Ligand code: SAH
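Take a look at this single chain, the form predicted alone, given in structure tokens.
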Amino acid sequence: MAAALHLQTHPCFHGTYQLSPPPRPSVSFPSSSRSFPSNRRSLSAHVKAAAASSSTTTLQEGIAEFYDESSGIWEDIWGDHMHHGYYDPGSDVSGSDHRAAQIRMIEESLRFAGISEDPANRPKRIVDVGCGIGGSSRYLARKYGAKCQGITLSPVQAGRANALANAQGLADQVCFEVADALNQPFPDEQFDLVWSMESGEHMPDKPKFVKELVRVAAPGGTIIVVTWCHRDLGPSEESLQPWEQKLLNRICDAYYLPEWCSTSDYVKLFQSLSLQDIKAGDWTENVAPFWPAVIRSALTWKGFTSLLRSGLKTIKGALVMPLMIEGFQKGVIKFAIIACRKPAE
């Protein structure tokens, strides 16, 4: 039986936040006392919907368990920013300051989106969708003096993020909870800045993910999505090449990723919702040094022993890191940024 939620008021939420993880979502099937639709097509649709829900639940559980297991080793070796760094093209991996590159990734993303440095126009309310252990949230809260709320599927990440916020004197500005990015626990039009740093690749329903980002954005608010994509398809292509799909499937299996989409797919989704000032960038070249650096850190004595202690899911993820490099080098994987603005009322 799932433990009951323990809720407590928090000034950042104007309400409640979760100190202990909620029960993992379950899939409910009709009992025998309920009648199934008599129409065979309706029955088929019902079964497909239940199967899709079950698949999503399994994926979300895998994501949560993967990050429950791996976040500690990442923080120990790389710090509290669980995302790529931004580098000058052709920069020397061995001489790079990788933690500084991760901060630069945040700054370059803000610059790309045109976030104002004017104190009168800075974002005051921010949501961090797929917040990890809260590195971006705390950075943005300090930079702008803003209130920031983060959501993650991982109870371990949410707990660690809140602990770090308390330790750094930011508990009145930032707070974190376990929640689903496809069903965010926020009212409509709440946030001046909707921030998603490398979480979109985990979303099994990209249209619903984008709709939720737009729903919680305030009128005139900015949405920034930094994510892994596959390459855009050519005019005569209907899908990736079989070898490309096979490569991505192996990565998906290790990192609990659903089907990939392209940068142009994201742009079309935002266009369909009438967002303004939509622009996209390919930063693949700017993140090229990152995965070799991660592999090298895993091969140190500290990295190797930490990896062995972390668990099978983390080890499995480490073993496919060379496939990420291969995907980038062969042009299958793209590191994309998409930014847009919700129309002001």
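From 1 onward, residues are counted along the sequence shown. Please read these numbers as outputs of a predicted model, since none were measured by experiment.
There is another form of the same protein, the form predicted together with S-adenosyl-L-homocysteine; it is not shown, and what comes next is about it.
**Student:** Can you check whether Val225 is within 4.5 Å of S-adenosyl-L-homocysteine in the model of the complex, heavy atom basis?
**Tutor:** Close contact is absent here: in the model of the complex, Val225 is far from S-adenosyl-L-homocysteine, nothing within 4.5 Å, heavy atoms only.
**Student:** Would Gly85 show up as a contact with S-adenosyl-L-homocysteine in the model of the complex if we use heavy atoms at 4.5 Å?
**Tutor:** Close contact is absent here: in the model of the complex, Gly85 is far from S-adenosyl-L-homocysteine, nothing within 4.5 Å, heavy atoms only.
**Student:** Would you please decide whether Gly130 lies within 4.5 angstroms of S-adenosyl-L-homocysteine in the model of the complex, comparing each non-hydrogen atom pair?
**Tutor:** Judged by the heavy-atom cut-off of 4.5 Å, Gly130 is in contact with S-adenosyl-L-homocysteine in the model of the complex.
**Student:** Within 4.5 Å, heavy atoms only: does His81 come near S-adenosyl-L-homocysteine in the model of the complex?
**Tutor:** Contact with S-adenosyl-L-homocysteine, yes.
**Student:** Within 4.5 Å, heavy atoms only, which of Ala217, Val210, Ile126, Leu153 is in contact with S-adenosyl-L-homocysteine in the model of the complex?
**Tutor:** Answer to the contact question: Leu153.
**Student:** Pick from Glu244, Glu108, Asp265, Glu198: which has a non-hydrogen atom within 4.5 Å of S-adenosyl-L-homocysteine in the model of the complex?
**Tutor:** None of the other options qualify; the answer is Glu198.
**Student:** Name the stretch: of 115-123, 232-240, 199-207, 186-194, exactly one has residues whose heavy atoms fall within 4.5 Å of S-adenosyl-L-homocysteine in the model of the complex.
**Tutor:** Selected range: 199-207.
**Student:** Need the contact residues for 161-189: heavy atom within 4.5 Å of S-adenosyl-L-homocysteine in the model of the complex, sequence order, or none if there are none.
**Tutor:** Result: Ala179, Asp180, Ala181.
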